[in-house]
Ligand SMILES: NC(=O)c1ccc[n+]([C@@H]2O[C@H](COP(=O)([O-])OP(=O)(O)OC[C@H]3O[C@@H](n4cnc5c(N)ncnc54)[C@H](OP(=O)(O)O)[C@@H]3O)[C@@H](O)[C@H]2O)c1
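Next comes just one chain, in structure tokens: the form predicted on its own.
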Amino acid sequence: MNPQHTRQAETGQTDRPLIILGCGYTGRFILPLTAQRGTATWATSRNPAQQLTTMPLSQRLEFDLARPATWDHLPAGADLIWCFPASPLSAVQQWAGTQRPRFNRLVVLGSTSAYEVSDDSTDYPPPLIDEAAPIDRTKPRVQGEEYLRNELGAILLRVTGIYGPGRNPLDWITQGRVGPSKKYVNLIHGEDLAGICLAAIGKGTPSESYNVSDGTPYTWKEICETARQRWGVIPAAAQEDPAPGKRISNAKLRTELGYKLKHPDLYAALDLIASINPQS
């Protein structure tokens, strides 16, 4: 086998160009990785002149799912990473009908909010949720994700809570957005999500879904207590959240994509964020 092909098979890296549809928080972690690999990459926004100012003009593309006139701005023959909610279904279907022949692989970022959780359940801790769990098909976003997965062979990443510089869970605690409850939360660092997106492009199975988390469900009570002891962070919200939350399994991700997390330990990652940007 050609040595270059061997390396690509092992790493999942491809030589195809890449387009990041909706280059927001996650996209900004993807861009340095593609630059390191030498992958030709474009980023899209509904308003690239204002929202993609850190990128060279040649890599900025205007794209808006609600405006079909912008759809042909995407160069043909590229892989796509779809980073915004895939809704409404009618627009997703119309886009797919015209754009299907123009791209190679498609990775779609969904959400673990797709999974149904019964309000009547008394199980605690809640059972681990894998990709075979039932999903709520009444949600517009889920309808679009499932259409792309089933009809276009999209590789669907159901993503847990994204954190990193500028999205610090310690800030969520001090701002009162969360408190010390028994509710479970699952998280993934933005840098790891970016790496997983590229691993999915290279190694993911078309039409399959993968849960994306660091593999450790926490309760907010655990996080708040560690935040108090380790960083002196005091919760602004004391009200108990009665919801049990979810516990997400990432076993399929680890087994099939073989991605090694850069930030498997939430608290070590928060230390690193604080050392880079104390205000983050």
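These numbers come from a predicted model, not from an experiment. The first residue of the sequence shown is number 1, and the count goes up from there.
As for the form predicted in complex with this ligand, it is not shown, yet the points below apply to it.
S.K.: Just one of L109, A194, V185, L80 has a heavy atom within 4.5 Å of this ligand in the predicted complex. Which one?
M.R.: Checked against the cut-off, the match is L109.
S.K.: If the cut-off is 4.5 angstroms on heavy atoms, which of these, K221, K252, R46, R247, is the one near this ligand in the predicted complex?
M.R.: Only one option qualifies, and that one is R46.
S.K.: Determine which one of 153-161, 128-136, 72-80, 97-105 lies within 4.5 Å of this ligand in the predicted complex, judging by heavy atom distances; exactly one does.
M.R.: It is the stretch 153-161.
S.K.: Are Y115, G144 and H189 jointly within 4.5 Å of this ligand in the predicted complex, each by at least one heavy atom?
M.R.: Not one of the three qualifies.
S.K.: Can G258 be called a contact residue for this ligand in the predicted complex at 4.5 Å between heavy atoms?
M.R.: Residue-level check for G258: no, no contact with this ligand.
S.K.: Since only the chain is shown here, I'm wondering whether G179 would be in contact with this ligand in the predicted complex (any heavy atom pair within 4.5 Å).
M.R.: No.
S.K.: Considering only heavy atoms, tell me if L65 and this ligand come within 4.5 Å of each other in the predicted complex.
M.R.: Output for L65 is yes: heavy atoms within 4.5 Å of this ligand.
S.K.: May I ask you to state whether R167 is within 4.5 Å of this ligand in the predicted complex, using heavy atom distances?
M.R.: It does: once this ligand is placed as it appears in the predicted complex, R167 has a heavy atom within 4.5 Å of it.
S.K.: Need the contact residues for 73-104: heavy atom within 4.5 Å of this ligand in the predicted complex, sequence order, or none if there are none.
M.R.: Heavy-atom contacts within 4.5 Å come from C83, F84, P85.
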